[in-house]
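There is one chain below, alone, in structure tokens, taken in the form predicted on its own.
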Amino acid sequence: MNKLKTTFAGLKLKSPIIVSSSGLTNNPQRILNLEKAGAGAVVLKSLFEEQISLLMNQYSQYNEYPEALDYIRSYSETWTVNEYTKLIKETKELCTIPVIASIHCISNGSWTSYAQQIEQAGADALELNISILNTSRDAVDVEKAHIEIVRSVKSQVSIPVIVKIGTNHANLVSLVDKLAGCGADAVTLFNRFYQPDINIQKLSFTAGNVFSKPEDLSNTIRWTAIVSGVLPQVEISASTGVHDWEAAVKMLLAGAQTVQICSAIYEQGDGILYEIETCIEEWMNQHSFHNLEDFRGRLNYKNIANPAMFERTQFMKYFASRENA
């Protein structure tokens, strides 16, 4: 599949299809199977500092012995990080595709500490899984937090840094522009937050559907097209809502450099990777496209005749015309 070769954040990929961070990417042998199925790269399951904190809660009975608690905290963190760097090393030994590590932290110092250890372990790149849900902070403060994280990590590592962000930002284009300005090599759109639900019988919160749906694609298309059109220098990995080859093509037409997939693999198996890539090539042949650059971004915000198609006002115009339908 030579037609599908591309680059992303300075990495060379045999395909633009990346397996996103999940339980699919937490085992070297499992990742090798994904490579054989056609994955262009993988993002390892995130190293969550929050998980270490939850582990610490199990030892809260030692709060009368601060020295013991400090030891347990240090041991737990060291063990978890060592297991993660072991995953990186073993995957690099087994696979040839780029291995992108992923971290999600809750304290400023951990971002740089983990990033340094991940680089030393041999990861090809690092995705910062920044998920700050703004419930009470000023939007400017949330934006500053993103920028500070990226700036601090970039000052400590030399591998490419990709920033995965959510949709909950007052000015997404401005944030992406500032992240690129402080050194981010690429962005991933979008982070998928934990999906809450309510059990009306037990009167309690519970987990909602963990998988994305094809209907989620529309929002990712919109912002991929807008960001790639306004900020052509920023490389985008489009994530959320990609369940088939047509969705992947749409993301590339909107301006994505790569496309991340996860839920479809859980639901359809590894074979969906080969199917997506084979169908993309067949579609390219039908349209006489020799490589991805022949059509990437052709339908982004800058290149379409009516950019208002991506604006919210179109929603009202659409339904206004269907009043009597």
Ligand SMILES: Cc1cc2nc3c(=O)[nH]c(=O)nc-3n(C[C@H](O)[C@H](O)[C@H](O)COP(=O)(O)O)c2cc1C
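Residue indices: 1-based, along the sequence shown. Just so we're clear, the structure is a prediction, and the values are computed from it rather than from any experiment.
Although not depicted, the form predicted in complex with the ligand is the subject of the following passage.
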Against the ligand in the predicted complex, would residue 210 count as a contact residue? Criterion: heavy atoms within 4.5 Å. yes
Does the ligand get within 4.5 angstroms of any non-hydrogen atom of residue 266 in the predicted complex? yes
Tell me, yes or no, whether residue 298 is in contact with the ligand in the predicted complex, where a contact means a heavy atom of each within 4.5 Å. no
So in the predicted complex, is the ligand close enough to residue 191 to count as touching (4.5 Å, heavy atoms)? yes
Given the stretches 152-160, 172-180, 88-96, 236-244, which is the single one in contact with the ligand in the predicted complex, using a heavy atom cutoff of 4.5 Å? 236-244
Using a 4.5 Å heavy atom cut-off, which residue among 34, 262, 292, 272 comes into contact with the ligand in the predicted complex? 262
When the ligand is considered in the predicted complex, the residues of 9-25 having a heavy atom within 4.5 Å of it are 20, 21, 22, 23
